[in-house]
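Single chain ahead, by itself, as structure tokens, in the form predicted alone.
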Amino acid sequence: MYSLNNFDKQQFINQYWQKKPLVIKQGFDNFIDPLDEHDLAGLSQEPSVDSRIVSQTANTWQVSHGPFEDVNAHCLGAWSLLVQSVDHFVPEADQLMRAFDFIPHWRMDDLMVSFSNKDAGVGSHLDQYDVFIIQGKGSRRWQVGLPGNFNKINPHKDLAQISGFEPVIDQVLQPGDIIYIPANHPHNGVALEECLNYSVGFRAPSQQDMLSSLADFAIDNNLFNQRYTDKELAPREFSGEIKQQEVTRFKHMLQQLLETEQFSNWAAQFLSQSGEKQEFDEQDIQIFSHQDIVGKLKAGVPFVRCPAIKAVFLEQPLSNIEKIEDFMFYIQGEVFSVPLNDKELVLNFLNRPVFYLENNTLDQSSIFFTQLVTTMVNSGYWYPE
């Protein structure tokens, strides 16, 4: 397991989160890489994995996209192999990402891993999301600036760079060091030797992302069917004119939608999904009976949460607490519920990467919990060791 050192979480949120960059020296003591460059190259050959190689030779930039049959054929000059969502495929990488779980799960996107040779990087650029970058083996020089107006450069159609930023941070990171870079802060990282870097990226949904998802949710569930009405139709000289009161009426209809319980349910489902929804191969999932799961729980068998699984739930308004009968949570856009009496045990199960019953007494009152564990295992979200 990975645990942060030399780091005050509350101070970080108050002073740095989305405000200014920070270097955390030896954020991980005796850091151990969760994979090596050979493992990374192997992942880049998989069709289900998003990967690319960015290379520079004689001031010419090239970007090649995976899957790669022969990674070496694209590794020219100063080059970096970058692989997205490594936490979805490597449990140890998922554990590294969980070290940052003081940021809500729904906010976390994926772990991008890169391997670079000497002098490699992707150029000075901006990201639209916050990121923690952990230095694995080797070393890299990082320069980070403050937001501003910069000249945009596209040395390749798949590469957006900038020029003209003044660094406020200019440091070399060694294994176990971490740099935090807020969204829209210019930065540039150059490998000083062969090195591995781990980028913990965070979701920052755009209005467009949310509207698109909400529209799909409404169509799939046949929701938000209220129609426009205008009992006090305003006369006008030109029939093509749209009155401001009519625009206001449309705004009001949409505002009413935002206040519904269905909107809250959509938000939880939307935020429970990974940036790229995890697909599980049914052939790889071992199916257990309810009796099998009960036996394993009683025997103290550990149940392991699969990488990239996010279980989220809605905080309930105080006005609703007395009306609630079930505890509901969401995984991969699916909703699950158990009686409120089981909430504490279920939360313990959901929040621990590895769960086992510390008190192995199960009786008939635990049937909803054991049925839930059975469902989670047979859905591919947890598995017994």
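These numbers were taken from a predicted model, which means no experiment stands behind them. We number the residues from 1 along the sequence you see.
Unshown form predicted together with succinic acid (SIN); subsequent notes refer to it.
Residue contact check for residue 142: one or more of its heavy atoms lie within 4.5 Å of succinic acid (SIN) in the model of the complex. Within this chain, residue 82 lines the site of succinic acid (SIN) in the model of the complex, having a heavy atom no more than 4.5 Å away. Proximity of residue 122 to succinic acid (SIN) in the model of the complex falls within the 4.5 Å heavy atom cutoff. Shown alone here, residue 133 lies within 4.5 Å of succinic acid (SIN) in the model of the complex, counting heavy atoms only.
Listed residues 159, 169, 112, 146 were compared with succinic acid (SIN) in the model of the complex; 112 is the one with a heavy atom within 4.5 Å. Heavy atoms of every residue among 127, 187 and 197 are located within 4.5 Å of succinic acid (SIN) in the model of the complex. Across the options 89-97, 208-216, 133-141, 231-239, residues that bring heavy atoms within 4.5 Å of succinic acid (SIN) in the model of the complex belong to 133-141.
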